[in-house]
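Next comes just one chain, in structure tokens: the form predicted on its own.
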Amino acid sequence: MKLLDILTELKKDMKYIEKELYKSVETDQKLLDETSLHLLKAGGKRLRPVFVLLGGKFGTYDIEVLKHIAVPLELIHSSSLVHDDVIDNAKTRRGQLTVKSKWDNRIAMYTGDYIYARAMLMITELPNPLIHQTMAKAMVQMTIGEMEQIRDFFNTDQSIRNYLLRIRRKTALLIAISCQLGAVAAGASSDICRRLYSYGYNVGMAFQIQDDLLDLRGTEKQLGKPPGSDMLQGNITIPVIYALQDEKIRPDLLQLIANIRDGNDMGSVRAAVGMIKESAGMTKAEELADRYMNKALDALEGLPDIKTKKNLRDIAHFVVKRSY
């Protein structure tokens, strides 16, 4: 099941959002224009704009209003990826060279800053201060989440609570406000906006946990990067944390992670991935993702019974069953 199969009725508006994305970063500065479009043209699920448009279905739907939220939220997400690739020293993303690999770190950092600034400029087209405040608070939390991730590089003693707080800040909040602000901009009731926020938050948590699982079980073709890239970059994710709780494999897994930390040892990455996949860590992480998915479904219960509600339910299932 693919995301576009679920949301065929949004295809026309999503094409429009895609064009607006490209248009929003256009500049006369040739290099900046090229680097800004590099990641956008590589594609992606565009999950955040999709959620904005679906949230808008619960009020007065107007694509010309909603684009001022859908485009900035995708730009904010994209700018964070450009910065992430510098921090993680990532060579590829979505099967293509990252901005930092194709150019260099300095170009990548300024490109991320530029994309972020364009997002902030576009948001000002909407006069509602609640939208501005909500986005600004989420950006603050995202930055804290990034700092926490750097702090916890190769930290094999981090708690599950710390991991969950980090992914809340890095991933779930942006998806939550995508659902919420689409409804806010469309004039939906505060109760609907609150339920959509809760739905988006829990979907976002499930989405990130599934991402962490896919990093271990996916193929390089599916992921656009080698399996185990998270560990190679120092990110200790929830399947690894759970696997480390098994005293039978903990000493060997700790040694492999130390080898990766000390020498970017791809042999140790492959061995660690194999060990984790055979452990209970994968099943426990899957169960955690399912729990968040069920919380997301519960949040939908009080929403008006329109087709969009079914779409949101289908997306929640898609998020935890996807293979890409």
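Just so we're clear, the structure is a prediction, and the values are computed from it rather than from any experiment. Each residue number is its position in the shown sequence, starting from 1.
The same protein also has a form predicted together with a further copy of the same chain, omitted here; what follows describes it.
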property: Partner-facing stretch of 79 to 87, 222 to 230, 244 to 252, 203 to 211, counted where any non-hydrogen atom is within 4.5 angstroms of a further copy of the same chain in the model of the complex; result: 79 to 87
property: Partner proximity in the model of the complex: Arg106 to a further copy of the same chain, non-hydrogen atom cutoff 4.5 Å; result: yes
property: Touches a further copy of the same chain in the model of the complex: Ser268 (any heavy atom, 4.5 Å); result: no
property: Partner proximity in the model of the complex: Gln133 to a further copy of the same chain, non-hydrogen atom cutoff 4.5 Å; result: yes
property: Non-hydrogen atom contact Leu32 with a further copy of the same chain in the model of the complex at 4.5 angstroms; result: yes
property: Heavy atom of each of Arg194, Tyr197 and Ile306 within 4.5 Å of a further copy of the same chain in the model of the complex; result: no
property: Contacts with a further copy of the same chain in the model of the complex, stretch 98 to 127 (heavy atom within 4.5 Å); result: Arg106, Ile107, Met109, Tyr110, Thr111, Asp113, Tyr114, Tyr116, Ala117, Arg118, Met120, Leu121, Thr124, Glu125, Leu126, Pro127
